[in-house]
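Just the one chain here, laid out as structure tokens, in the form predicted alone.
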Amino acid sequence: MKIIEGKLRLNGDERVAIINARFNHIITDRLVEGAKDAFIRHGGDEEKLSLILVPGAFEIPFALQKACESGKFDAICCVGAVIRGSTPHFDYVSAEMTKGIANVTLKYGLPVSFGVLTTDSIEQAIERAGSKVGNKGFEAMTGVIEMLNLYSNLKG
């Protein structure tokens, strides 16, 4: 049986974007640091890494669509943090952002990773942005690196 899978390595010529929701920036700044670290550690050229900033998680799908349409990127890593409050706003933002990212990903066929935290508390977000549970930005970038490599293996 032939196994086709992606490896965690970049050639250094891949053009990758991080789309970051600035809302909850104390958390999301750490996710960006983790994503950038993963990109560089796995052979990426920092000059080929772009950071696209949007106001909040709800705006990520629109920026993702425009980035995919631009043809400037080989893959995109989405990060952000939606933290539950005392109103249903969390549910609406989380659901629509998730659906939007999935729809754009399927439409354009580029490797896209989902590193947006959806947590019940600020403490849970902090744990996932580099403390107890690791850095989900780092994990999202490694996922997109693996998918980039897999896509190239499936093409040729």
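Worth saying up front: this structure is predicted, and the values here are computed from it rather than measured. Quick note: we count residues from 1 along the sequence shown, nothing fancier.
Form predicted together with a small molecule: not shown, discussed below.
Using a 4.5 angstroms limit between non-hydrogen atoms, A75 is distant from the small molecule in the model of the complex. Among heavy atoms of T142, none comes within 4.5 Å of the small molecule in the model of the complex. Using a 4.5 angstroms limit between non-hydrogen atoms, L64 is distant from the small molecule in the model of the complex.
Although the partner is absent here, N24 is a contact residue: one of its heavy atoms lies within 4.5 angstroms of the small molecule in the model of the complex. Scanning E127, D45, E96, E59 against the small molecule in the model of the complex with a 4.5 Å heavy atom cut-off leaves one residue, E59. Screening 127-135, 83-91, 104-112, 34-42 for residues having heavy atoms within 4.5 Å of the small molecule in the model of the complex returns a single hit, 83-91.
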